[in-house]
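Just one chain follows, in the form predicted alone, and it is written as structure tokens.
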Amino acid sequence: MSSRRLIGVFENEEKTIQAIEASRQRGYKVVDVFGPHGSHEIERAMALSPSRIPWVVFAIGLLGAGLKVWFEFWTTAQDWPLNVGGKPFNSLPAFVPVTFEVMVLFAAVSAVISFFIVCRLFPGKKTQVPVEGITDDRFALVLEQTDSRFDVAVVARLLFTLGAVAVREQLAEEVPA
């Protein structure tokens, strides 16, 4: 099944934000917004939910710290207990610096990997830019037709009145989940 998309190209961020807000007020589905740089104002206008990446990073960092503490207890007190200078085998304060470093390592690596997964950035993936020049100095608002209220001519006229310099219609093939 294919879906119809309308791509509005804007020259600046303010007009793009106005178009996003107007489109959302009229009930049009905003699929994505492309631009030369990231913008918190665009994220707010799109009403995106907060990312869950910090929670993933926190959980995996704690998992790494827990595994490191368990490993040090196991190696020093169970598997290979050595008496070094009369110190106890399971001295928790001695484990803190290495545990902290391992927690930071797990958190950093999980942040990078989860970011690539969320953004669907895989090795060998081809770039999909809806309009030429988007990464230079233009913004693109991608709207998707979800029902019969989405009249292409009306939506295109709306985008032009909000400052679009070009509007392009595109048929997109849906990928089955």
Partner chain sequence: MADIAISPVAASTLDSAPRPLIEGRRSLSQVTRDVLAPMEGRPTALWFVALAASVTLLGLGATAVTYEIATGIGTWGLNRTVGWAFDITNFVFWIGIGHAGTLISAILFLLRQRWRTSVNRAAEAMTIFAVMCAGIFPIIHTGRPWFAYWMMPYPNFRGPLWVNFRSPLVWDFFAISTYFTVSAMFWYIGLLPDFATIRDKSASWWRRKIAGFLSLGWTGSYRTWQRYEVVYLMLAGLGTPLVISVHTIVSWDFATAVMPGWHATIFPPYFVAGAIFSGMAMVLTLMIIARKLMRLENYITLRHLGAMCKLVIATSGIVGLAYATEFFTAMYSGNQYEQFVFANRALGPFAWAYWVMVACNVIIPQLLWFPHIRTRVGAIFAISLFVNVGMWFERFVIIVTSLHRDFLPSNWSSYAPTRIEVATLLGSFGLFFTCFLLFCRFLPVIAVAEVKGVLKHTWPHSQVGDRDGNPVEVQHV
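Computed from a predicted model, the values in this text were never measured in an experiment. Residue numbers count along the first chain shown, from 1.
What follows is about the form predicted in complex with the partner chain, which we do not show.
> Any chance E41 has a heavy atom within 4.5 Å of the partner chain in the predicted complex?
Contact with the partner chain, yes.
> Within a 4.5 Å heavy atom cut-off, is E14 in contact with the partner chain in the predicted complex?
Although the partner chain is absent here, E14 would touch it in the predicted complex, with heavy atoms inside 4.5 Å.
> At the 4.5 Å heavy atom threshold, is T146 in contact with the partner chain in the predicted complex?
Contact with the partner chain, no.
> Contact with the partner chain in the predicted complex for G64, defined as at least one heavy atom pair within 4.5 Å: yes or no?
It does not: once the partner chain is placed as it appears in the predicted complex, G64 has no heavy atom within 4.5 Å of it.
> Just give me the residues of 69 to 85, first to last, that have a heavy atom within 4.5 Å of the partner chain in the predicted complex.
F71, E72, W74, T75, T76, D79, W80, L82, V84, in sequence order.
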